[in-house]
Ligand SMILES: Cc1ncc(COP(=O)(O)O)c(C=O)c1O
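Given as structure tokens, the chain that follows is alone and in the form predicted on its own.
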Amino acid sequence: MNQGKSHVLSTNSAPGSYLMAAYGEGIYLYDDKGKCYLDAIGGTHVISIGHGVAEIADAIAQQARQVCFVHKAQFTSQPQEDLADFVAEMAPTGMDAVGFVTGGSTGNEMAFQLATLYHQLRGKSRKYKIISRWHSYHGHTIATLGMSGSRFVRGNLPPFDLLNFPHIQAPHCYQCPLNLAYPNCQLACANELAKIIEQEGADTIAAFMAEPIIGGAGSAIVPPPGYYEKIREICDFYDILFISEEIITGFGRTGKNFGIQHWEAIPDIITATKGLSSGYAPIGAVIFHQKMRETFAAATKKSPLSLFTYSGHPISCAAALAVQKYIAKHNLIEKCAVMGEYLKNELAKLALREPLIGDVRGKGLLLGLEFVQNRDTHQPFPRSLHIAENIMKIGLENGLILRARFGTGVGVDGDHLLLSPPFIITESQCDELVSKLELTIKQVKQSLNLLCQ
């Protein structure tokens, strides 16, 4: 579809044409010319059960015939109640309250407002700041843009950084921004949280927000053992909330219900959206701890906890409930862990053949590749070469849908890819993905005349 002839507002930064998606089948997409694409990013990091699952479509149709919408101030609906029960059962111990939102940005916006409300109701109204990390992405509302630490989005942030939220360094061991090495570092990146709380004043900090595994901006950066246990300890000491931002990692993507469950640290709030309905309807969840629920319930001044018109939309809830039941029935979270291990091993074998790949990382079916020009020193390529973008572009021509990002440590140089195929991917499809990726990397190296060590 030519952008110049479309009335749809373009979100594509490069001028040209969009492909027209005609239909999907499992992990594949087909355009209107019949070309097949293996969706290695689950469009993006959303799709878990694949396209065209009839029982999900049936659940959506059945609910649409009954009730399409109710206003939250007067009504709830059975799909919303059933979905909330299901989500609370999946969540870590003590996290038993759920609010529904429309997506990642609204989920993180709601978490921000809930955190500040929680402190206000406890007589601590000055606690409004959210500390987050560099090399992160949290959304496109003004508050969530301010939280984000990605250079990809922060370049266009002024003058909208009105809240001036503080940031700490990301736990990026492969390109440590503190020039340290685990375990001798003694988790300096986590201890930086305590330092910035002291600098800002604990009485001004509402919460610390972090993706358990850094996804969209960092391509599956996994913190070292003990990191979140230390974060939890610091948050408790200073009376600030810990928000586990699981827009990508929630609902099975990492091989567990929620990404934070790879560590022994229970957060106060979880935001999880992309995987809840596998893309069949726009919906997400904000899950919060019973200590917060009790504070809200005891307040003399009641405040609404679902802040958006379409929160708890009956059709979206019906779709999400059907998806989660389908995942449970087919043991897809367990399969995600198994297939993630298989794909990671195959990518590691590819890295042995391909010196452009410096790091293979991630958990479950959230896997990242980082490209370097020197594997001994981890030296990245200069940003001007746009390695990752070229791999994404050539990959699409080869029938492989990829996601490119840039930046390592504290700089903009460096390139990486995030892979997040649907949970239903098979071993042969993993092999197909790796084969297409290897071809694509070779073609990009040739076109740019790259030399790697």
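These figures come from a predicted structure and were not determined experimentally. For every residue, the number given is its place in the sequence shown, counted from 1.
Only in words, not in the display: the form predicted together with this ligand, which the text now covers.
Within 4.5 Å of any heavy atom of this ligand in the predicted complex lies no heavy atom of residue 371. This ligand is not drawn, but in the predicted complex it has a heavy atom within 4.5 Å of residue 138.
Contact check for residue 274: a non-hydrogen atom falls within 4.5 Å of this ligand in the predicted complex. Although the partner is absent here, residue 108 is a contact residue: one of its heavy atoms lies within 4.5 angstroms of this ligand in the predicted complex. In terms of contact with this ligand in the predicted complex, the residue from 166, 255, 92, 103 that brings a heavy atom within 4.5 Å is 103. Of the residues given (347, 247, 130, 87), 247 alone sits with a heavy atom within 4.5 Å of this ligand in the predicted complex. Of the stretches 313-321, 198-206, 247-255, 350-358, only 247-255 has residues with a heavy atom within 4.5 Å of this ligand in the predicted complex. If you take 334-349 and check each residue for a heavy atom within 4.5 Å of this ligand in the predicted complex, you get nothing at all.
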